[in-house]
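A single chain, nothing else alongside it, follows as structure tokens in the form predicted alone.
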Amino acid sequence: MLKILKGGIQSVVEDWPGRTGRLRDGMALSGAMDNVACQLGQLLVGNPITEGGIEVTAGGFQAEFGEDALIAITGADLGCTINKQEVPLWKSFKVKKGDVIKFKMYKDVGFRAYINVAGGIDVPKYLGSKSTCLFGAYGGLEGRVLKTDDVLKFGKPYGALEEGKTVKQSAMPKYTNYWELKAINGPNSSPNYVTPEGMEWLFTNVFDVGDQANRAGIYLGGVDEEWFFAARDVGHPSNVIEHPYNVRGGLNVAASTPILFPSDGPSLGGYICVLSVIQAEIWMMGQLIPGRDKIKFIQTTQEEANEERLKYYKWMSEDSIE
């Protein structure tokens, strides 16, 4: 059991792959913003990689353990301490009843950390997932962020509690302020929606991550409307008929504003989506620092994306743990 003392900037219960199969109903996939950190953390504490943990965004979270437990902190270094003592990241360790966990704030690289507990966070599944969708107010704990005096129960551990498990150095994700994300064209691409020059620019330009960035959308630097959009007969050239959006990982262009769609991105709309970040690299979106980091999209093919996904499946396995 965990009693929340301070909810921090934004702390929510999330699992992976989130709430799949509901896009047709207008429901976001949700799920961990950095699924790699969440899934590796579950392996460290002996859980299935689909189990739920606590996603701490930016920092400020504090809580007291109401029972002994095995935990692991993964993701960005947000200055996590137990009883004012720094704790190791990417390693399982035991805590005792009465221990207090605190997170400071994000540092130079990375924006989200994960608290992973043996047995997972015991909240009801909603339509097959424990993930919180803040914009729909469902899932997780009452569909909202965690706040002072909330109490979260832990599930029954899946096996023996093994302290000292670590993520292999070769399997550690690399956090930076300059991110290169592999992506494929479309679904709304050249020549019908975007000029060939516009697509070339997309894959050569370095984008600033804007101050407006959350679980629903990450705003990037703008585009030059004069030459980016292909000519169309009616309305603004970025505005097409209503169509399903490619979430998670789609780059939506609303008028002159590119918006990356992460976990709680919308399921459909009228603006074009010019590229898709490959599924093996969507975790990077969860560690982007608003107003600080930069992104470059690296053009790839569907075949290469499939190869990267196979590598990702192997990454999210016991092969990465020692």
Partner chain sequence: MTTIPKPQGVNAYLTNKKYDNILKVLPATMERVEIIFLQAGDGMLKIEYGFNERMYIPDSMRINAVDELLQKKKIKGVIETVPTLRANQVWFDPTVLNINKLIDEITEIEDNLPPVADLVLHSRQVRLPIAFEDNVTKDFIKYYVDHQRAESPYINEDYGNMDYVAQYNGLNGKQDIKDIVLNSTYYNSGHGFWPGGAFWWNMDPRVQLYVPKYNPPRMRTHEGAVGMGGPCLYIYSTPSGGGYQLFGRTIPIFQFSLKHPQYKDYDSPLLFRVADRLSFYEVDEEEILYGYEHIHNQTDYKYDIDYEGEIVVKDFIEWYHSPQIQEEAAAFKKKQAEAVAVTPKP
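Residue numbers count along the first chain shown, from 1. Note that this is a predicted model, so its numbers are computed, not measured.
The same protein has a further form, the form predicted in complex with the partner chain, not shown here; the description that follows concerns it.
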- Task: With the partner chain left out here, work out from 74-82, 163-171, 89-97, 239-247 which stretch has heavy atoms within 4.5 Å of it in the model of the complex.
- Result: 239-247
- Message: I'd like to check something about A58: if you look in the model of the complex, is any of its heavy atoms closer than or equal to 4.5 Å to a heavy atom of the partner chain?
- Response: no
- Consider I49 of the chain shown here, and say whether it contacts the partner chain in the model of the complex, taking contact as heavy atoms within 4.5 Å. no
- Query: At the 4.5 Å heavy atom threshold, is G270 in contact with the partner chain in the model of the complex?
  - Reply: yes
- Query: Would A137 show up as a contact with the partner chain in the model of the complex if we use heavy atoms at 4.5 Å?
  - Reply: yes
- Query: Thinking of L5, G128 and E180 as the candidate spot, does the partner chain come within 4.5 Å of a heavy atom on all of them in the model of the complex?
  - Reply: no
- Note on the structure: Exactly one of G110, G119, G210, G186 comes within 4.5 Å of the partner chain in the model of the complex through a heavy atom, and that residue is G186
- Task: Check each of M285, L29, A63, L44 and return the one that places a heavy atom within 4.5 angstroms of the partner chain in the model of the complex.
- Result: L29
- Query: Even though the chain is shown alone, can you say which residues of 5-26 have a heavy atom within 4.5 Å of the partner chain in the model of the complex?
  - Reply: T20, G21, R22, L23, R24, D25, G26
